[in-house]
Ligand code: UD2
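The form predicted on its own is given below as one chain in structure tokens.
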Amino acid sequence: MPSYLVTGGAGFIGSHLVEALLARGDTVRVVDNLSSGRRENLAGMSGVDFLEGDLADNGVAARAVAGVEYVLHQAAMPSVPRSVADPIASNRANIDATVNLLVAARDAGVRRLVYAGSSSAYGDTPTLPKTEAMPPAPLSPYALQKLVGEQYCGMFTRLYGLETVTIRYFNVFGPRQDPSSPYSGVISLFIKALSEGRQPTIFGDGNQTRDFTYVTNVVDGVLEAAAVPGIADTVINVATGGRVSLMELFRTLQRVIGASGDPAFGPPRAGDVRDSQADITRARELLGYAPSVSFEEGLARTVEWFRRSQAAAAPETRS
């Protein structure tokens, strides 16, 4: 029975990977320092071997990979604004921890490591859609750090024979994405604001576009990347291949939630790209990947999850 380590497994995407692995009967270990992940994200998932610790600590990295065949590396400080505000802390989380993990995985004889890359590596180049062959042009410390991480992965494959594959994510959304942090993804922030009768803030004019990707699609791509032979030292976009503006997102969520009004607008944020859209040809050809959940269906599922979680958290009213 294959054994998997999911780093950052108590986080948003990581917990969905854990859930999918357990559902098919795999053995799963999670390592998470709980800086942004939450134990509640793993509630009801029995049989998880949980290790609390920071991968920037060599000892934690070594314990995490012991006896593991596959590593799905999701742990990161995944925020452009936070990296701009504190590049040293984000560098430790996104580069130092990744190098420690790669060394530990190499020494432990791990079969393959799948790395969570980022579409932010493409920067603000006007060419759309973004293909993996395009030269990177990161605009923020976060984007640069994620790019360096995937370059380290490729180097470890070429130097040491550790199989690595990078999956570049494009604006992933879905259940368990924390809406309580100002650094959360735009969809979770919009849903929370509109559900509470507030108007969310759009930074910029609202015409900037993103390839919003429901989390189930990403999980499918990552698990295929761990299994398909002959793709080591490869970077692969996993997304929907579409493009939605923030104003389109806002209006769609208004309809789903039943809200009205206009958003507030703020100045563009440093390090943000104007437009993003993935070319998913390589994912189709190498992984047999196709997005199984549409943007609209993903939004509906996410809103429903938010409503259920808010209802569960609300105190009981007594007559």
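A residue's number is simply how far along the shown sequence it sits, counting from 1. Treat the numbers as computed from the prediction; the structure is a model and nothing was measured.
Only in words, not in the display: the form predicted together with the ligand, which the text now covers.
Under a 4.5 angstroms non-hydrogen atom cutoff, the ligand in the predicted bound form has S276 among its neighbouring residues.
In the predicted bound form, G185 approaches the ligand with a heavy atom inside 4.5 Å. Residue contact check for T201: one or more of its heavy atoms lie within 4.5 Å of the ligand in the predicted bound form. The ligand in the predicted bound form comes within 4.5 Å of no heavy atom belonging to R112. Interface residue among N94, T234, S119, N100 relative to the ligand in the predicted bound form, by the heavy atom within 4.5 Å criterion: S119. With the partner omitted from this view, the residue of L189, V84, A137, V228 that lies near the ligand in the predicted bound form is L189 [heavy atom within 4.5 Å].
With the partner left out here, the ligand still marks one of 287 to 295, 268 to 276, 39 to 47, 60 to 68 in the predicted bound form; by a 4.5 Å heavy atom cut-off that stretch is 268 to 276. Looking at the ligand in the predicted bound form, residues Y4, R29 and L51 place no heavy atom within 4.5 Å of it. Taking a 4.5 Å heavy atom cutoff to the ligand in the predicted bound form, the contacting residues in 54 to 92 are P78, S79, V80.
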